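Next up: just one chain, as structure tokens, the form predicted alone.
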Amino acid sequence: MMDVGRHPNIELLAYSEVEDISGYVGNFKARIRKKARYVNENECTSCGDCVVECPVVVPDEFEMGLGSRKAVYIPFPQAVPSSYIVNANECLGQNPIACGKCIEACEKECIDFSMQDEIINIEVGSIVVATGMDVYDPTALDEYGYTRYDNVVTSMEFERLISTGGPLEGHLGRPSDLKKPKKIGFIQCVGSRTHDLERGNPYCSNVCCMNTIKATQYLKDNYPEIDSTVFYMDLRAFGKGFEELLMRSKGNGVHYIRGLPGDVFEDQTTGNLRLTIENTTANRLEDHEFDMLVLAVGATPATDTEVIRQMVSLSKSPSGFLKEAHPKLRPVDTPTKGVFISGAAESPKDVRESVTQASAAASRAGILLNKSKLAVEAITAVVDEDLCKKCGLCAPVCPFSAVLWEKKQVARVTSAACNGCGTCAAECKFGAIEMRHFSDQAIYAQIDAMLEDDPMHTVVTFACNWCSYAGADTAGVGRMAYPPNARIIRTMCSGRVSPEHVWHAFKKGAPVVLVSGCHYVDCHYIDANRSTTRRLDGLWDGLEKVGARPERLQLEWCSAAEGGRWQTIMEEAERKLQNVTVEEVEATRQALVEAKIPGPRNPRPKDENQPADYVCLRCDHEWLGIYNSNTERICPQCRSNSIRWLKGKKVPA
């Protein structure tokens, strides 16, 4: 941090927090609250005279509550800038001044209780999210006695106890009586690798095993007389030099016992801790007694991760950590363009991994900022201003906040922020939003073509590009045989599938319609598949109202690697297909006609009895539409934009 503070091209805003982020790649706007320190950081010399006079004593967060600090303090020894902060919630000297001793003690007159929080607005081209991680609170695991026994500590608390800069200044002692312990036990995977979500997390926290091995080696190097025992499920020493350190620890006499203890009890006389363990390697029950017990607690997402995630529209994994765009090909990118993640914000990491990913994120941001122009995918949404009814339904469903809408204003799409999922186009009830390359015209044309011949043996399938469609490819590459009746319509996201697409398929005689997308917590477009679920809930209700069986409309989740699952989905769709009769299909078609279910909403193929609105200068294709000079029209046949507006003019036969 000292190097960062000295760097001429880095502006370090310490004791500050980001309140809001808006904009898009290359044009982000951030509002930052720089909190009042009540100490002039430029004048403070860190002499500490104010600390001596301050009468308020509170637990020190940096020391994990094992030490104390004053209301005026430096957060940690290497803090930048190296100046004191007055905690307004603990100080006695404000509104009205009831103390003021720190002011009298400061010869430089650095303390100023009239300071106010400062709001800073900045514009940036890219963002790197590095919120870090927190440690698991083992209070829920009461069988280990963490809240009941003083000599049961977490691995973080043990780090402070053995630190030369900690509360005991490097002289190891147990919390109850500060005596040097003779036997120390370490319990692994506390709060990790459990399916009881009320008592822990299902994932491995990555750093716990090596942290314990390092601690045991430190004890052997500095206190060889202390006996250390580690209780574990299994040890994961997969990094460079990690296995060698584990072997060194075992060679120095550290005991490793495979098995986790149940209840822990304290001897009221000595303060020692007793536990019973099932040694699964030796296949026996063992009783152990320790002077001190260390719980190797796991990692959890930082408390402010969710707030930042919502500000910049990021995905999160089931564990609560932020999710990368692709775990192999884009490990530091996010679905939001111009936003990168690093360190433990993405998953629990040690220092080496965090530094590596931070360097990668900085490189990715630097590459972006060095470009004079930014190339974006052409698959974006376009708003037809003449058709827009200013309802604003499209803006809330956009996972990237790319649709801008104000009350009684026409919606607008920021192309640089749009990732082309198509959720807004499916949400628009007036056909005012078109998608480039995945237009409604193209989707309707595919539905018509696949149901033109032998529709009773066709499963109309909408598959998202990133997972389901790729999963079908995986099944094909793996030579997994499945019924060939599925006809796939590729969309960028399952959220692109509008109710009109499904109704059109049923009106054309589709016996079964399948919509498939990414797994619910694994959407490439953050949470766009939530809209898919909501729309299909409405479609299932609609099918019941017209007397059709809802199971004829299927919703399945499949990832790109799940070729076997795609095979199962296709076999299930085939079974549904075999149970649908011609009479049932005809009854559904007739019911939809009588119910006046709306059909295609966007430009239609040309009616021979009406003049064309557009004609393609490249392939001479003609079709109807609504003119808008601000909207780029694309030929639905050859995808060319070489078109001519012919409204009101007869086209020669």
Partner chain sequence: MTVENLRIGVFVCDCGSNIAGAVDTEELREYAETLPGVVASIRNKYTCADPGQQEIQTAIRENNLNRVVVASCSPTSYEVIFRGCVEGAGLNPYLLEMANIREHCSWVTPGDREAATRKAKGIVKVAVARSHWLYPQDEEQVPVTDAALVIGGGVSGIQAALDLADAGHPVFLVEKQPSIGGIMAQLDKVYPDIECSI
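Residue numbers count along the first chain shown, from 1. Rigid core (definition): largest C-alpha set, two forms, superposition within 1.5 Å. Being a predicted model, the structure only gives us computed values, none of them experimental.
Keep in mind that the form predicted together with its partner chain is missing from the display, and what follows is about it.
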{"query": "Segment that reaches its partner chain in the predicted bound form - one of 179 to 187, 281 to 289, 494 to 502, 449 to 457, heavy atoms within 4.5 Å", "finding": "449 to 457"}
{"query": "Contact test, all of Leu235, Phe400 and Gln554, partner its partner chain in the predicted bound form, heavy atom 4.5 Å", "finding": "no"}
{"query": "Partner contact for Asp267 in the predicted bound form: its partner chain, 4.5 angstroms, heavy atom", "finding": "no"}
{"query": "Any non-hydrogen atom of His326 within 4.5 angstroms of its partner chain in the predicted bound form", "finding": "yes"}
{"query": "Proximity of Phe76 to its partner chain in the predicted bound form, heavy atoms at 4.5 Å", "finding": "yes"}
{"query": "Residue contact check: Ser16 to its partner chain in the predicted bound form, 4.5 Å heavy atom", "finding": "yes"}
{"query": "Among the candidates Gln578, Gln310, Thr147, Ser163, the residue which, in the predicted bound form, approaches its partner chain to within 4.5 Å (heavy atoms)", "finding": "Ser163"}
{"query": "Residue among Glu118, Asp196, Asp304, Glu143 with a heavy atom within 4.5 Å of its partner chain in the predicted bound form", "finding": "Asp304"}
{"query": "Contacts with its partner chain in the predicted bound form, stretch 119 to 148 (heavy atom within 4.5 Å)", "finding": "Ile122, Glu123, Val124, Gly125, Ser126, Ile127, Val128, Val129, Ala130, Thr131, Met133, Val135"}
{"query": "Arg274: Cα shift of 2 Å or greater between this form and the one not shown (core-aligned)", "finding": "no"}
{"query": "After fitting the core, Ala344 CA displacement of 2 Å or more between this form and the one not shown", "finding": "no"}
{"query": "Per-residue C-alpha change between this form and the one not shown, Phe462, threshold 2 Å, rigid core fit", "finding": "yes"}
{"query": "Closer or farther: C-alpha pair Trp466/Val25 in the predicted bound form, relative to this form, given a change of 3 Å or more", "finding": "closer"}
{"query": "Pair Leu314/Thr414, Cα separation in the predicted bound form versus the displayed form, closer or farther by 3 angstroms or more", "finding": "farther"}
